[in-house]
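A single chain comes next, written as structure tokens; it is the form predicted alone.
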């Protein structure tokens, strides 16, 4: 794919960019090594001050940056503003807590002193997706920079203006020696970077095949990697749930970012006692969503980011219906131009249908009915993914069963799955490994160094040895 900004609502090409040459990449790599020496030498308060400046810039220009996000990948302007503001929040979080997260940990042993310290490791390559063009990057960059590392960003090829804007923000904030650099390169140019010894680690958010490729490349060079990949998140509703809240939140959880989110609710697993009532309300709410211009504040669902996503959704839905699934609403493209797809609900989905366990990356919801909690847990786990899960019940004991039984990186009870700077974020199975955010996220790209200082010899022994 060419490196280009194409408005997904209109198909208009906004800007195109040439990939960096090998000489350009070499220059940026060397600059990252020099910048690492600078950022590593800074104190935590000095790094924190720079992150706080970045947060202020993000807040002051939130609508301007949001406009870039909306025109590049189609998220609604309301969602885009919220994304930029969340980036400011993660910068402030690590500015305020990063030093404490990385404080030496004293451990009692028979040494005079023993502790663990967390040292930076150097340049980290971040391969990031288009669906949250600012947030995915800042949730890596804020902890990485606060820890004393430096970052090199290979962003998705359809959001180059977002990638360049992020570099500008961090440079204006004071990370101006190359501590964070955007690399406008193709996917084929990633492998040589992973081979380069100056790159010390890699992180990727994206598809499972892309994650496997980056992890394999890093492993060949004995480098750490963190992967946050796809999801087919269950949204479980039990009879004791507040049905109105479950439906309202379920709609938001399915259409977040126009349905293009790894942690969006995709499989709605509902107890048979309330399944009819849930289905009736849910389908009505999906039908009421307004699909259209993402720059219009009244729009609920904008376009898919690329034509290929619409093609994929169409194939998955059509194949599922052909396999026996019942189409309750949607299931078609919308509008004469742009990448629009109708909010869609499927029911009676056979095991061999794509909508049963695959990730549908758009506003397509799959409804399932179960007899009890055990069946709900089995169905929730019947997917190669394990990113997040949302469970709705007012029974505390039942909630504990789901928390323990569902194989995923996070379980939210009576709430929508979301990332939060204060909490670790990541998945199991084909949803990846490692964690972002919270204390665990900032420690991923550090050298967890053991320090052991032996007891001094007794003074009289020293004197005796000197006399002899």
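Residue numbers count along the first chain shown, from 1. Just so it is clear, the structure is predicted and the values come from calculations on it, not from any experiment.
Below, we refer to the form predicted together with a small molecule, which is not included among the displayed structures.
Heavy atoms within 4.5 Å of the small molecule in the model of the complex belong, among the stretches 165 to 173, 373 to 381, 321 to 329, 206 to 214, to residues of 206 to 214. Three-residue candidate spot 129, 136 and 156; every residue lies within 4.5 angstroms of the small molecule in the model of the complex by at least one non-hydrogen atom.
Of the residues given (346, 147, 124, 387), 387 alone sits with a heavy atom within 4.5 Å of the small molecule in the model of the complex. Proximity to the small molecule in the model of the complex, defined as a heavy atom within 4.5 Å, holds among 187, 308, 287, 109 only for 187. In the model of the complex, none of the heavy atoms of residue 363 sits within 4.5 Å of a heavy atom of the small molecule.
For the chain shown alone, residue 228 is a contact residue for the small molecule in the model of the complex, at least one non-hydrogen atom being within 4.5 angstroms. Contact between residue 412 and the small molecule in the model of the complex is not found at the 4.5 Å heavy atom cutoff. For residue 425, a non-hydrogen atom is located within 4.5 Å of the small molecule in the model of the complex, even though that partner is not displayed.
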